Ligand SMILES: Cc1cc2nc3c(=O)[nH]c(=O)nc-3n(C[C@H](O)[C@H](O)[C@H](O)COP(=O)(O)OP(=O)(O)OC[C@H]3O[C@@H](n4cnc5c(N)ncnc54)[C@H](O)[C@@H]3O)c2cc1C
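Here you get one chain, nothing else, as structure tokens; it is the form predicted alone.
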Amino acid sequence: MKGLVWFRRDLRLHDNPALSAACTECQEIVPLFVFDEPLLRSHVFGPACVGFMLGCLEELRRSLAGHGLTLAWRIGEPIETVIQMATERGIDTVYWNRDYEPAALERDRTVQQRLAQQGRTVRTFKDHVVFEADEVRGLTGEPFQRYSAYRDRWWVKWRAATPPMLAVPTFEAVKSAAPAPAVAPWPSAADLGYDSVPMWIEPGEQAAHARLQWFLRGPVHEYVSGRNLPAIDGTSKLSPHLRFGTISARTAIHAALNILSKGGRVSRADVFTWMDELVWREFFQQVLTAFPRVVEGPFKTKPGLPAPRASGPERDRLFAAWCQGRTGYPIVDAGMRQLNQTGWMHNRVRMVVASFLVKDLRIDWQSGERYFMQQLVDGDLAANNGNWQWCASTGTDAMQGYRIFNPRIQSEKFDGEGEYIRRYVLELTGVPVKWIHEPHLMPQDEQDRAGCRIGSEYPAPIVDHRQARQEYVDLGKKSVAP
């Protein structure tokens, strides 16, 4: 039998259900990746995300070649491209691992229907998550809307039906489907319409496993405190790898539980707190699957949430300052510059900058969500949407709309010495610790000594936080007044 394995968000050999099934059932295999031309043209994602994907694909191509298989690739519309490839190569069965984004679900339904009309079989597999949305449900079958309840049921499901990991397939019995056309040169970022940017994180399956093992040997054991400190390397930074499937969530959970089972220098609280982050990822996937309307708007329309600032020059000025990291709030500016320079931002800081955009500047959360997706190397629709809705108080949690982060307090608490701030806001390099969190309060002689004149080298705050917070609260109260 001849099979086609359609790689999408699963750029690895280890623990890959679709690839393993194809290697078991087929004598000839066509591995295929389709560069989604309409999606690339839309620039929903940015250069960091595309560059990381290309690096992961390059390693996947080498890994498959080491087993005698050639990774075919095409640039085009995915539905037509997969149908055409199946026809050209005389494919009997097409294999893929499932995707849960609304547009992907519709795409896959269409491909499956058209392949069936041609008499070809389709086999799909669970992979991007440990448990799919309909596997973790309430007692009456309803999807969960509270994370704590979801997490409890998720762990019950894990203990009752622990999913195994799959080894790298044995490729001895399969070969590349022939005849294979000449392989074109691998596309560059420029070929796909994007700038090439330097990568701060190594792409590919080997790097993902190395990063996981490094994290479990050290930082995970101080994760409860370390995860909130942006100046240190205290998080796994596996989110780009999970986004592109160079490592599976199953592998990460099994590896963490294995650390616990060995005893010794290990903290259950720290390890389980990290694993909870992986369960959060699945919770947001469940919300997206069960309530696809979140792509278009709020999960909940809650009373007491002020309307966003009206469009116009003032709104545009404030949004541009936020995007550029020129707000006059050092922790916000450091986060946005880290995002713009690297395609990544520390999670604690993501919450701070999101709160600042929505609550201090009163700019719609969807604008922030779109900007993040255009910059993030780990841009994922479910996680990005879920986190932005949480910060905007429109998500699944029950808290009302007054979760407002104070940037100074957050900065002092989690970057007390200003190390993270100085790393990305170079104008503040010479500012003493006393003033690093509120440099606009520096006396003029201190500004001169620090080489940082407020309003010149570094901006004054574009809004007053205390005043902006009060305005937000007052507007919220007016919105529910009888």
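All residue numbers refer to positions in the sequence shown, first residue = 1. Owing to the predicted nature of the structure, the values given are computational and were not obtained by experimental measurement.
Just so you know, the form predicted together with this ligand exists too; it's not on screen, but the next bit is about it.
Taking the partner from elsewhere, residue 347 is found to have a heavy atom lying within 4.5 Å of this ligand in the predicted complex. Contact check for residue 397: every heavy atom lies farther than 4.5 Å from this ligand in the predicted complex. Looking at residue 274, you'd find a heavy atom of it within 4.5 angstroms of this ligand in the predicted complex. Residue 391 belongs to the set of residues with a heavy atom inside 4.5 Å of this ligand in the predicted complex. Across the options 117-125, 297-305, 313-321, 371-379, residues that bring heavy atoms within 4.5 Å of this ligand in the predicted complex belong to 371-379. Here the marked residues 239, 354 and 383 all reach this ligand in the predicted complex, each with a heavy atom within 4.5 angstroms.
This chain appears without its partner; in the predicted complex, the one residue of 89, 281, 107, 209 with a heavy atom within 4.5 Å of this ligand is 281.
Residue-level contacts in the predicted complex: of 387, 410, 81, 342, one residue has a heavy atom within 4.5 Å of this ligand, and it is 387.
Along 138-152, no residue reaches a heavy atom to within 4.5 Å of this ligand in the predicted complex.
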